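As structure tokens, one chain now follows by itself in the form predicted alone.
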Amino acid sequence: MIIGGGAAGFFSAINIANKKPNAQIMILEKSDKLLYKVQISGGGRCNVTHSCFEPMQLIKNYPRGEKNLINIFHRFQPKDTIAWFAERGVQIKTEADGRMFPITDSSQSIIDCFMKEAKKNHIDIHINTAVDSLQKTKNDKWRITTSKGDTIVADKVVVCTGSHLRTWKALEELGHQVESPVASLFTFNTKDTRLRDMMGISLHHVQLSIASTKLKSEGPLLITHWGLSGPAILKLSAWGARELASMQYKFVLRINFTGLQTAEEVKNEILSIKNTNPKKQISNTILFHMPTRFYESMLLYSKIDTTKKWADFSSKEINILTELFFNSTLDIHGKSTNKDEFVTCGGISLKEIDFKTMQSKLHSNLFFAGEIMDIDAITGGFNFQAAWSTAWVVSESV
């Protein structure tokens, strides 16, 4: 019995069927939509995995579950994912940022592949069917009662429901500990006047930190109509998911817009530009390769006279510019979902799972795969890879 008709559920079912052709396999899905996250991922293109083929590097993209996934990725990693789909006629391509998609640029290619494999292997699929109860029998099997009133006995159960509170409650009743869910991979809301009318502007490389914490991040930044997004923000939100939730998403964000490492380096860069362009107005000299509109907005915020020539700039004004670009602070007052991809951290406590088999340490013949566990990753195909890899190990164990 596979509970959950998503990525991990289908991958578990198909691979179990491939290795155990005579097995009777059933998938239960509570909604009327199979493989929904596969469908919407990557803007409908399905970000299948990421071109990171070294397990020790791959695990660095997982704020939670990093150590537990080392062995898993040595057994099934992105190269294996690519080969698996290729064997079934789905070619995967790599984009410049390392994300990998089907060459059709359509998630339907992945969905069609799974549905074809499920049909070929006679996997019994039931939609609009939730699990009301999950009970262990005396002979080490599982009795499942569904929302339709059916009772089914299974030799083995694989739970792949993702962040599903009803399933978590059923597992808690079996003695499992569930780490409380909080949002991960979200964008930051701010009403800072410097960002007004800046929607769509991106900065190639910034450094971020959150005041009064050890949280740091760097990378591209995107300004949106509600605040800040982009890889640097999403990475910070993933690693800070629990801490930021405890702060109710109200905090001070520090931003170094320059790409340089120290305030002294920034100041020296500004002084160098001053010395080489003494007759130019500051507004006509774009610092740190910033987008013009953004640069002008920052100068307006600083209240420096932008008609001044560099030669007339005082040491005090140089220090103001240094602080403005190297150590800006923005008040964050909330979060927004990243596109349609709502990701949470939380789930079954990892200490209660045997990662050699993906079996529960509390109950035999009960397995887990995908986001039902307290494992999550940054954006880029890493969450799907964890689903494929843990599902693969489940199929080996079963």
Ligand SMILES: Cc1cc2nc3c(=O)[nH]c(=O)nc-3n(C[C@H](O)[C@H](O)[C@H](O)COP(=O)(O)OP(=O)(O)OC[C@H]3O[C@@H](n4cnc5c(N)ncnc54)[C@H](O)[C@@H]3O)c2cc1C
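Every value quoted in this text rests on a predicted model; they were computed, and no experiment measured them. Note that residue numbering begins at 1 and tracks the sequence as displayed.
Below, we refer to the form predicted in complex with this ligand, which is not included among the displayed structures.
J.: Quick one: which of 176-184, 220-228, 129-137, 67-75 gets within 4.5 Å of this ligand in the predicted complex, going by heavy atoms?
T.: Checking each option against the 4.5 Å cut-off leaves 129-137.
J.: Taking the shortest heavy atom distance, is residue 63 within 4.5 Å of this ligand in the predicted complex?
T.: Residue 63 lies outside the contact set for this ligand.
J.: Answer for residue 28 alone: is it within 4.5 Å of this ligand in the predicted complex, judged on heavy atom distances?
T.: Residue 28: contacts this ligand in the predicted complex.
J.: Considering only heavy atoms, tell me if residue 37 and this ligand come within 4.5 Å of each other in the predicted complex.
T.: The answer is yes: residue 37 has a heavy atom within 4.5 Å of this ligand.
J.: State yes or no: in the predicted complex, is some non-hydrogen atom of residue 347 no more than 4.5 angstroms from a non-hydrogen atom of this ligand?
T.: Residue 347: no, not in contact with this ligand in the predicted complex.
J.: Taking this ligand in the predicted complex as the reference, which of 161, 237, 81, 258 has a non-hydrogen atom within 4.5 Å?
T.: After the contact test, the surviving option is 161.
J.: At a 4.5 angstroms cut-off on non-hydrogen atoms, which residues of 1-31 are near this ligand in the predicted complex? List them in order.
T.: Heavy-atom contacts within 4.5 Å come from 3, 4, 5, 6, 7, 8, 9, 28, 29, 30, 31.
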